[in-house]
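Only one chain is given next, in structure tokens, and it is the form predicted alone.
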């Protein structure tokens, strides 16, 4: 199996009622890449997946796979396979027959189908489950059967539409590693749709952050998390403390922003000028108790223990909601009584143009 690149060339998708689900989009997914499209429900990410697979035709533009225009080709004629959220396994059909179903439709002989199914079941660590029914398997095992079935038809591109959403947390975490390992073994191009930032950050070579029908940022997991380029990307990918205001000074790589909660310095990657409306973002793990070049006073509202980490949620008298994520070493002790000083360094904060934002953990905790 060998992956192919996928190119969206000016793709736009507008429905007959006039609603544009995907605005004009140019996107290249490299051959053999694990590429995730991350965004909230209704942002258009599944529509893009359906356009690549052939279930939806672009209103404008073209989809190319391996350099070949897919216009006019239905799902069965494309070098793709799609795994749905519900997996759609046949409950009364043994596992190996589920895996080989696509081969049967292509007229492959039973012995060859069985051999191919067993090869793929070994690839997904289910070699001893071939004759069981899907209902006799765990959720994670059924997930791997669905992957094996998709791979049986030798796709160049495997499309996955939130396939782990129905699994519990531990199983999702396990399956992330399984999916990544399978992708590396096969070399097939994976395009993975999710609203779960943990999935995208853990598995992906690159991530596209999508909102309201538009891709706002594309980059590696580290780049998207550490160097967001829009207010939405900064707030949706990971948690972030945010302070809205106006730029009052800028000097090289830094900008000063005046907010209702104080004046702060942060990185200025988009070159915002004085007078620009902006939002400063700083990650909870980069916000700490004690003094910093940027500082403000707040009072503890809530303390959540997550084993090795402690999440602290504070509020300032001016109404700012602040989250701190600290290791559970006992080194940080913020009491329930009295105000404390909270600080962060300019190099750990980013000042971005004002725009739509996602809800933060601090927002939710304050409710």
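Positions refer to the first chain, counted from 1. These numbers come from a predicted model, not from an experiment.
Missing here is the form predicted in complex with a small molecule; even so, the following discussion is about that form.
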Which one of 97, 216, 199, 162 is close to the small molecule in the predicted bound form, taking close to mean a heavy atom within 4.5 Å?
162
Contact with the small molecule in the predicted bound form, heavy atom within 4.5 Å, among 47, 53, 321, 70 goes to 47
Which of 60-68, 23-31, 309-317, 38-46 lies within 4.5 Å of the small molecule in the predicted bound form, heavy atoms considered? The stretch 38-46
